[in-house]
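Just the one chain here, the form predicted alone, laid out as C-alpha cells.
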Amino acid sequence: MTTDTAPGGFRKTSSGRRLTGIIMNDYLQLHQRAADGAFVVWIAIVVPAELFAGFDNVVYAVPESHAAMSAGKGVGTLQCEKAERAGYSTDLCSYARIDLGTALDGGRDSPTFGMPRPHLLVSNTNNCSLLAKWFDVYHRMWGVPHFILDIPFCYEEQTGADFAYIKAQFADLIRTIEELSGQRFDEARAREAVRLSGEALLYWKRFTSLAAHRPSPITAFDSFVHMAPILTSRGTAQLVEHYRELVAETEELMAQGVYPVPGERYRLLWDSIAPWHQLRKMSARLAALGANITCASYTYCIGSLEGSFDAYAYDGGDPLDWLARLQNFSVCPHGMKLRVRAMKEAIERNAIDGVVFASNRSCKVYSLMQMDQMRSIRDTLGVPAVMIDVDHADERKYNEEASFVRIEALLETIDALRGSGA
C-alpha cells in the first residue's frame, strides 16, 4: 500500500489507482462485448443490474455514471453545450445534457468514447423524475424499446403491496430481455451476482463507517469517487475485492496516523449529489480551513433500506426479494420523515458539527425538500446548517466564492456555538 498526499489533503492512494484500472477495464469490456454481439442495456443507476448476470451475453451501461465521469474529467460543459445547440434547455439535468450531447456527437470528447448503442432502455420513476423522458428521446431517435420500472414513492417504509408490485416488474423485465435477446434467464447466476453485491456492500458500509473516527480517515469525496464501481461492476468478485482492499488500506493509514485532514476542526455532512467538477478543488480548500466533509447522504444511503443507515444483508434467498426490498435505497424517493431520520442517525454516529445542503440546479427531486429538512435538523438537533447553490455536472451553474462565503459562515457559527458551550 502506498499513498501520495498533495497539498490541501487530496490523496492518490493505491486504491485510487486500482479504481482507475477497474473503471477503464469495465468500459473497455463493455465496448468489446458489444462489438462481439452482446445484448446491450442502458439503465438508470438504481435499476438492479444483477439481473443481467443471469443471462449468457447481456451487458449494461449507465448513462448517469458516464455523465458524472465526463464532468469529473472536465468535459461536462462541452457535452452540455452540444445538447443545448441541438435545442435542449439549460434547465434540463446536466447528466441528461451531457449524455445527449455525447450521443448526438457519436461519443466524441467522451473519456470512454461514449457507450455502445443499446438494444433496450430501462429507466425508473422513483429516483429521477426526468429519466423516463430522457430515455424516451433515445426510444424515439433510435427506435429502441424502453422498459419503465414504476416504483412507488415512499413516505414510510416499503409496504408489502409495493414490494410485490416491484418484484413483479422485475419478472416482467426478465421476460422482456428473454424475448428480445433470445437468451434464457438463469436464476442461480443472478443469485450469485446478488450474493457478491451484498458482500461488497457490507465492505462499503464498513468503509463509510470509518468516518466516525476522529480525525476521520476518509472524506465524502473519497466515497463519491469509490462509489463508481457499484455502478459499473455490480455483482462481481472484482467489486468485493476492491472494497475489501479499500477498507484494509484505510485502516492501515489510520494505524499510521495518516489522515486527509490532519488538522480536522470541523466535521461536516454533505446533502446532495457530488459536485463532480469540483472534487479536487473543493476538498483542498476545505482541508485548508480544517474542515472535513466526512460523509454524505448521496453515499451513506447505498445498501440501506429507506430511512436507515446500516447495510441490508442478503440472506441467500430469492435474489429478486433482496433487489425489490432495496429498490428505494437512494434518498430521492424518500419523504421528509425518512430523510430526516437517516440524516439524524448519520449526524449522531459521525459527530457532525454542521451540514452543507447543496441545492442542486439539476436535481429537483433531491433538492425539493432541503429547506424543510435543514430547518428540521436545526430545530431538532441544534446542528447548524447552510444552503449553497451547485450543479453536479455543469460548472457554469456553480459559484465557488459565493459557496465558500456561506461555508465559512457555517464554520464561524460552529465556533460561536462551541464558545458559548452550546
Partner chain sequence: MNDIPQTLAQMKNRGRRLIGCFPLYPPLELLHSFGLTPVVLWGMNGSVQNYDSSDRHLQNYTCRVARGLTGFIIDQAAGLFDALFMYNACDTLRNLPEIIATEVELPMLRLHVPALPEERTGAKGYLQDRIRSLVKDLEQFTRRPFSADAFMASTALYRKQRALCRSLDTLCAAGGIPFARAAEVLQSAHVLGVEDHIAVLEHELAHPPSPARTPGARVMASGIQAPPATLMEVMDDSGITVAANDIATLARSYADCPPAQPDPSGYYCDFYFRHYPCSTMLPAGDRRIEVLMQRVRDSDIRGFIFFGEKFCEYEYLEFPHLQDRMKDRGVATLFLEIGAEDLANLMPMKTRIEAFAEMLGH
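Everything numeric in this text was worked out from a predicted model, so none of it was measured. Residue numbers count along the first chain shown, from 1.
Absent from the display: the form predicted in complex with its partner chain. The rest refers to it.
Enquirer: Using a 4.5 Å heavy atom cut-off, which of 260-268, 314-322, 169-177, 228-236 contacts its partner chain in the model of the complex?
Expert: Partner-contacting stretch among the options: 169-177.
Enquirer: Applying a 4.5 Å heavy atom distance criterion, does residue 300 contact its partner chain in the model of the complex?
Expert: So residue 300 does not count as contacting its partner chain.
Enquirer: Is the gap between residue 367 and its partner chain in the model of the complex 4.5 Å or less for some heavy atom pair?
Expert: Because a heavy atom of residue 367 falls inside 4.5 Å of its partner chain in the model of the complex, the answer is yes.
Enquirer: With heavy atoms only and a cut-off of 4.5 Å, decide whether residue 396 touches its partner chain in the model of the complex.
Expert: Contact check for residue 396: no, nothing within 4.5 Å of its partner chain in the model of the complex.
Enquirer: Answer for residue 351 alone: is it within 4.5 Å of its partner chain in the model of the complex, judged on heavy atom distances?
Expert: Residue-level check for residue 351: no, no contact with its partner chain.
Enquirer: Tell me, which of 93, 296, 291, 194 has a heavy atom within 4.5 angstroms of its partner chain in the model of the complex?
Expert: Checking each option against its partner chain in the model of the complex, the one that comes within 4.5 Å is 93.
Enquirer: Could you check which residue among 148, 212, 279, 120 gets a heavy atom within 4.5 Å of its partner chain in the model of the complex?
Expert: Going through each option in turn, the one that passes is 148.
Enquirer: Decide if the three candidate residues 87, 129 and 332 all line its partner chain in the model of the complex, where lining means a heavy atom within 4.5 Å.
Expert: Per the other structure, all of 87, 129 and 332 touch its partner chain.
Enquirer: For the stretch 152-169, return the residues whose heavy atoms include at least one within 4.5 Å of its partner chain in the model of the complex, in the order they occur.
Expert: Result: 152, 153, 155, 161, 162, 165, 169.
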